[in-house]
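Presented as structure tokens, the chain that follows is alone, the form predicted on its own.
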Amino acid sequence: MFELNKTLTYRGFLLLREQMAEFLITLGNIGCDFYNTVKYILKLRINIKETIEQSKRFAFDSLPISLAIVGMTSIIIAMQLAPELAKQGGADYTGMLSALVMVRELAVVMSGFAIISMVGSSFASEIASMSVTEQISAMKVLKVDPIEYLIVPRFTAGVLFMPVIFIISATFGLICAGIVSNKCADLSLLNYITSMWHGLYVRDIFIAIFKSSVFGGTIALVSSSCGYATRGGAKEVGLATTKAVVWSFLAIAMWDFVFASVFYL
């Protein structure tokens, strides 16, 4: 006798339904946490001490890996870009192209990925561990709002200090690209800097700073929200950390598309 519930099509449908339900629940949790976070910030209910502590993690813990990723990527791009432009007689455009790529996309996106790996994952695992060990429940019993104490400081730190990471990383990347261009295509540093400023506008810098601030807040919010919604045991802590990283990467990609469509299309 044919049994529908044993077919691969039926199992695939159940899996799709389960994944869609989990997607909507996670999206709803992030939306609710964002609403409550903004509400506390507008009321100036911000734990300054905790915000400073989380800012240190954003500003210092992720800086070395951000510099390493952005620096190596800029070196690789310059190694391939500068010689080819020199062959076509366009070596003087190397600085301009490097600046556009670095400021508009590379520095902010790569820094975001580094922060997701270093800081976002730790936010998620830390809050998830507090949730499964009933520490968050204890906070509620003591009349301490977990969102105000845990999520608001992390979100504020992300919004304020992700631009700092971006500025330092972009500057470091441009310096690396200039040195490599000089070595690979005999492009003088003066020509590189002149070309860079001819192609880079103040508007691009401000847009990138604003985008990095949005990225930082998104990473902190998504990671904290995924950790806050965790229930169960050690296995769920690991799953929450993985979910936070995946959702943060997805959110960064979607925000990047929105910014590109709004400001550069």
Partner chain sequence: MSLEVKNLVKTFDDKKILNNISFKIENGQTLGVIGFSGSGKSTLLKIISGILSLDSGEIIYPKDSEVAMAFQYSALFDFLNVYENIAFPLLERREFRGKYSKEEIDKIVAQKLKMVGLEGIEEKFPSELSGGMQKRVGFARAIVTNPNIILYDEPTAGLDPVTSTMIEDYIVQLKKDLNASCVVVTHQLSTIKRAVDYVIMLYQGDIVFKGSVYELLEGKNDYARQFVSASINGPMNIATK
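This is a predicted model, so every value here is computed, not measured. Numbering follows the first chain given and starts at 1.
The next section is about a form of this same protein that is not shown, the form predicted in complex with the partner chain.
Chemist: Only one of 139, 193, 86, 72 gets a heavy atom within 4.5 Å of the partner chain in the predicted complex. Which one?
Modeler: Partner contact (heavy atom, 4.5 Å) among the options: 139.
Chemist: Taking 4.5 Å between heavy atoms as the contact cutoff, choose which of 188, 171, 122, 135 touches the partner chain in the predicted complex.
Modeler: The option sitting close enough to the partner is 135.
Chemist: Mark residue 44 yes when one of its heavy atoms lies within 4.5 Å of a heavy atom of the partner chain in the predicted complex, and no otherwise.
Modeler: Result yes; residue 44 sits at the interface with the partner chain in the predicted complex.
Chemist: Examine residue 160 and determine whether its closest non-hydrogen atom to the partner chain in the predicted complex is within 4.5 angstroms.
Modeler: Answer no; every heavy atom of residue 160 is more than 4.5 Å from the partner chain in the predicted complex.
Chemist: Hey, in the predicted complex, does residue 130 get a heavy atom within 4.5 angstroms of the partner chain?
Modeler: The answer is yes: residue 130 has a heavy atom within 4.5 Å of the partner chain.
Chemist: Is there any non-hydrogen atom of residue 144 lying within 4.5 Å of the partner chain in the predicted complex?
Modeler: Answer yes; at least one heavy atom of residue 144 falls within 4.5 Å of the partner chain in the predicted complex.
Chemist: Among 58-66, 209-217, 26-34, 44-52, which stretch has residues whose heavy atoms lie within 4.5 Å of the partner chain in the predicted complex?
Modeler: Comparing against the partner chain in the predicted complex, the contact stretch is 44-52.
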